[in-house]
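The data below hold one chain only, encoded as structure tokens and taken in the form predicted alone.
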């Protein structure tokens, strides 16, 4: 399996380098789709091996069921982002919004971004994981600033400044954790190894661990878009090219949550779990609550989806805060479900904004008549993201709410349901106005490329199918991941 990990890391790097040498846009598109397909295939092969054989450790590399679920997110989203990019960037180039040199830069940075996210998920060391998360910031900043206009540069500056301040908090928390590990007499070769830390977690200084947890939650919570550290997210997601917005919201935020979970596995065994769970519940509920008014009064379509991401990161954090096996199962399933649905939404919005020449919600009308296929997919994806049955997100939301009631916290469950109802109302209000109504006369029906159509159809099939039935292999991985998140193996 070590070879599979190395290949999965090497493929996007090779694709990024090769892209810079091509002089035809068709060749760039073909090569990137081919390499992304290979990367996703290798990751799926690795995930299947983990499901059958169990955790794998070799040197700095470590992959278990929890890693496998997040690698599945990257495998799906990296492929769909590349497929959508083929059609999206071709139109951007045709309308002279970008130059050919920018197209090469886009694909090279996209592949580098994919490489950094895979790197976060395959290392067995909290220090190296921190390096990987920081690398995702550096790789994605240039993608946020891709168009190099005033709004994009301002968003990129805000993104890099806020996230780097946050990630410094995570570094400080990691250093404190290392100090407690050394004080507990752990061998030098086990420095910041989470498997080694888990073994000696009972010997760690509880006060320092609490302080480390506070810094780690604030630091990685900033990168995950958890309120009130979410301020970079609406700007960055609204200014990046739409396929990148999908990766930021679906994969990058998921990687940051993964970093929080990996630290929780160690920290919750060293201190009173009530302290950790209370903090997670507060931040989770705050994230959902803050998202509601911004969704209700929103005018920009991509910012609407960005605030929806803040809401969903809050839902996952609430699941982590409840802390039962059922809640953690629901939280990890929700990470997967949200990633697929939200990335699809951002990709669809990219074509919608291209056709209407605007991201302003008030200017988008008659989607069904102008873009019937895109409009249908968009409506289905919105119904999925707000938690309508039988789509996949309903299943994970219901699991988390049910876990709250089973844990003896009915007020928490009712409060979460009330907040989700506000989001439901706001999202559907804007969606029905965009999908129905009379379209501007200047617009004609738009067709999208076969690659984007393929990615959209595959995403819709996943969203519907996993809402009705979870394959036994995936269900087994989710169950094992929830056990790992509780401190098991």
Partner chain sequence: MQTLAILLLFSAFLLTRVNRLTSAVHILLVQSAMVAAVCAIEGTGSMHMLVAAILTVVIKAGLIPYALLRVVRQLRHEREVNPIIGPNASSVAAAAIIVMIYAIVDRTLPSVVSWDAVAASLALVFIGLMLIITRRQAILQIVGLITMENGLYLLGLSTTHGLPLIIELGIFFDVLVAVSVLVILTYRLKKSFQSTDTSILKKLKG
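Just so it is clear, the structure is predicted and the values come from calculations on it, not from any experiment. Positions refer to the first chain, counted from 1.
Form predicted in complex with the partner chain: not shown, discussed below.
- Contact annotation for residue 309: none of its heavy atoms lies within 4.5 Å of the partner chain in the model of the complex.
- Using a 4.5 angstroms threshold between heavy atoms, residue 275 stays clear of the partner chain in the model of the complex.
- Although the partner is absent here, residue 259 lies well away from the partner chain in the model of the complex, with no heavy atom inside 4.5 Å.
- Proximity of residue 245 to the partner chain in the model of the complex falls outside the 4.5 Å heavy atom cutoff.
- With the partner chain omitted here, the record of contacts in the model of the complex names 297-305 of 297-305, 387-395, 281-289, 90-98, defined by a heavy atom within 4.5 Å.
- The contact residue chosen from 227, 155, 404, 204 relative to the partner chain in the model of the complex is 155, the criterion being a non-hydrogen atom within 4.5 angstroms.
- Proximity to the partner chain in the model of the complex holds for all of 161, 178 and 191, with the criterion being a heavy atom within 4.5 Å.
- With contact defined as any non-hydrogen atom lying within 4.5 angstroms of the partner chain in the model of the complex, the contacting residues in 118-144 are 125, 127, 128, 130, 131, 134, 135, 138, 141, 142, given in sequence order.
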